[in-house]
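One chain comes next, on its own, written out as structure tokens in the form predicted on its own.
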């Protein structure tokens, strides 16, 4: 199934310009064709094209499909990698695995200190359409680690790091059908001070296995672990 995305679409009316162009100019849809539009808020609109304009494609609603919200929230807080392609690959895979919120972290060892959120959003939209998801994740701005801890530290916040200390495997620390915030550090790992701050604020230190992982690999494995437990 082809899926189009328009957060403002309500069932009848005009598809946004970028999706109109893709629908008419790229996919060559014509008047009378049936397409499906997601609003990223849990609704699919099955529609008929009544005016195949390449900038303002007009649609007529046939039916609405309502999708339940996920039974748990999956928030990935991760330091962007120096190689932006690796970060974007991870974001794409996290979307496919059901992430509901993404926060790029600015840490003491971060090599990337700037990030184009609009580019990340485009990656997420493409992944949402490809994987036929009904909900669009929340994408936050690049956030300093200290600020993030002030806002999100809790017993459901899991910080993965490579230091020798008491920590559980994520698969043991996490409980099915509960919200999870997964914190993944930069290529040089979180600073020891950051790990200590997280633990002091009630976060759970966790391991993702015995192998030393790249940031993007750790992000995918953490999301996949939560995904599998909830299957």
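Numbering follows the first chain given and starts at 1. Everything numeric in this text was worked out from a predicted model, so none of it was measured.
Absent from the display: the form predicted in complex with a further copy of the same chain. The rest refers to it.
Asker: Taking 4.5 Å between heavy atoms as the contact cutoff, choose which of 112, 156, 152, 93 touches a further copy of the same chain in the predicted bound form.
Answerer: Spelling it out, the residue with a heavy atom inside the cut-off is 93.
Asker: Can all three of 106, 175 and 195 be found with a heavy atom no more than 4.5 Å from a further copy of the same chain in the predicted bound form?
Answerer: Checking in the predicted bound form: none of 106, 175 and 195 is within 4.5 Å of a further copy of the same chain.
Asker: Which of 54-62, 201-209, 159-167, 32-40 has heavy atoms within 4.5 Å of a further copy of the same chain in the predicted bound form?
Answerer: The contacting stretch here is 201-209.
Asker: Taking heavy atoms and a 4.5 Å cut-off, does residue 97 contact a further copy of the same chain in the predicted bound form?
Answerer: Because a heavy atom of residue 97 falls inside 4.5 Å of a further copy of the same chain in the predicted bound form, the answer is yes.
Asker: Does any part of residue 213 reach within 4.5 Å of a further copy of the same chain in the predicted bound form? Heavy atoms only, please.
Answerer: It does: once a further copy of the same chain is placed as it appears in the predicted bound form, residue 213 has a heavy atom within 4.5 Å of it.
Asker: Mark residue 24 yes when one of its heavy atoms lies within 4.5 Å of a heavy atom of a further copy of the same chain in the predicted bound form, and no otherwise.
Answerer: Output for residue 24 is no: heavy atoms all beyond 4.5 Å of a further copy of the same chain.
Asker: If we define contact as a non-hydrogen atom of the residue within 4.5 angstroms of the partner, is residue 221 a contact of a further copy of the same chain in the predicted bound form?
Answerer: Residue 221: contacts a further copy of the same chain in the predicted bound form.
Asker: Across 1-35, which residues bring a heavy atom to within 4.5 Å of a further copy of the same chain in the predicted bound form?
Answerer: Contacting residue: only 1.
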